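Here's a solo chain for you in structure tokens, the form predicted alone.
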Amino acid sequence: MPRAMTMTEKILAAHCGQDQVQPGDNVWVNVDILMTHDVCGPGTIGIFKERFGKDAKVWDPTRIPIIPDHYIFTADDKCHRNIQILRDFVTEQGIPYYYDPDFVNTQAGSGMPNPYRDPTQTNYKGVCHKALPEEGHCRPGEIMLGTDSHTCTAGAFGQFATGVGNTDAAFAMGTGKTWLKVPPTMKFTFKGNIPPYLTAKDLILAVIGQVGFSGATYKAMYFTGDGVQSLSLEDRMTLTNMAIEAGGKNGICDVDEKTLRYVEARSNRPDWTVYQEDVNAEYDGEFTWDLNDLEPLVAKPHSPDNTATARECKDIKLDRAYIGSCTGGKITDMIFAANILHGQQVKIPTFVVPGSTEVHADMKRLGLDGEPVKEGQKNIEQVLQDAGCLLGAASCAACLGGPQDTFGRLNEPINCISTTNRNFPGRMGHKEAGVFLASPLTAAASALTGHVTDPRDYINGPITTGSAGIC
């Protein structure tokens, strides 16, 4: 009798040409997508040329999206040089999916670039993990590699997606293959519908708080249950994004109509395969939560598994709030935050960074209900600005710290509540700064009070996101 398999196992089996695989097997697999960006792209390109030859060609230029996003809005010449390396490579290789920050002058001493005037009139996209699905690179049943640990975000689309180092990326760039060990799968089930005061950020913090920051090391993290089905597709991306914060090899969600509607509208390739978990699949641990019993959570410094409820942290004073990143800079995240801040004034400096130029455009186009603004209404961007938020251009910005002149960077030992995904020492800048990870609801509520605040203090009913982020 054939062995029952998980989604992850089925994807890897299909890509290595076998009927079955099991945890621990080492397999050569064909890669569908290899992504790199401005931080690791130059290093990957260097290894590729060293190992394959200076005149070598990549295995398939249509399967290598290159997305500058980390160190864009800075005067640092080294960061500008990295952009030029990418520009030269994509021209040489004929790579069509390069999303250039066309406003960046790479000449030495060119200074801080002026950001795009209109987010709809630039080739630049913003954070790679948000741009990948927007530009049609995420599809069920495929294998995606990326030179970024949060590549696992794409698992929300039923895809095996994982981060790799520059050497592995360079090998895949030249061959279209990689060597993987089949991971065991951990199953995380959420029951009930998502209540108005929670987002997927609370769910993944509950998971990491339960298993620990290394509790899923080299394991597939499978998120399922009617609670996950009740999440928007964008919110599922938050679940899979932070699989790596538990040590996971990949995160993955079931494919449903929400997934298919988005992928069918965006994919730049016509075919893909949907895989489902076998009923009798074996798991390396199973965990279950009832969403009705879950409270808004935060992760205190300096680890994502140092979790507590927002109410338990109500006496913690904050100096700054930050709403953005691949985890917390999606359009639905902005809608959540704007609904909390509407008609209010923030008490502490609050930095808002859209995850992509598409998100930024939607912030100008949509209202608090996630639908196009009507006459007399304010758009999301205006609501946030009226509340006193400081709005930056789409990018990774301060999530990874970056150069000293990075928007929102923590350059002093202050406390910041943030929708980002890591709070290790120095992650957002100063090594003595305290980063409290939270949902956009909790971050926005806390911005209004200057201390960690449970968003239930500001929520009277469901927050609708309308057509935002659907397709």
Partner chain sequence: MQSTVRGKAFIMGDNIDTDQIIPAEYLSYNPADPEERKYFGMYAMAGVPKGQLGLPDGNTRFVPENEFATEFRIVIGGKNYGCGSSREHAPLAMAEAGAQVVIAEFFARIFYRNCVNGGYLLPCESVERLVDEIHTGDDCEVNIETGTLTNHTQQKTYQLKPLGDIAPIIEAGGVFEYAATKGMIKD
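Numbering follows the first chain given and starts at 1. Since we're looking at a predicted model, the values are computed, not measured.
Separately, the form predicted together with its partner chain exists; it is not shown, and the next lines address it.
Comment: its partner chain is not present in this chain, but in the predicted bound form one of 223, 73, 99, 171 has a heavy atom within 4.5 Å of it, namely 171. The contact with its partner chain in the predicted bound form, taken as any heavy atom within 4.5 Å, belongs to 180 out of 180, 384, 143, 255. Only one listed stretch (102-110, 341-349, 384-392, 143-151) carries heavy atoms within 4.5 Å of its partner chain in the predicted bound form, and that stretch is 143-151.
Across the proposed site, 199, 289 and 307 without exception lack any heavy atom within 4.5 Å of its partner chain in the predicted bound form. Contact check for residue 63: every heavy atom lies farther than 4.5 Å from its partner chain in the predicted bound form. Within 4.5 Å of any heavy atom of its partner chain in the predicted bound form lies no heavy atom of residue 317. Residue contact check for residue 137: none of its heavy atoms lie within 4.5 Å of its partner chain in the predicted bound form. Its partner chain is not shown here, and in the predicted bound form it never comes within 4.5 Å of any heavy atom of residue 184.
Contact residues in stretch 64-84 (any heavy atom within 4.5 Å of its partner chain, taken in the predicted bound form) are 71, 76, 78, 79, 81, 82.
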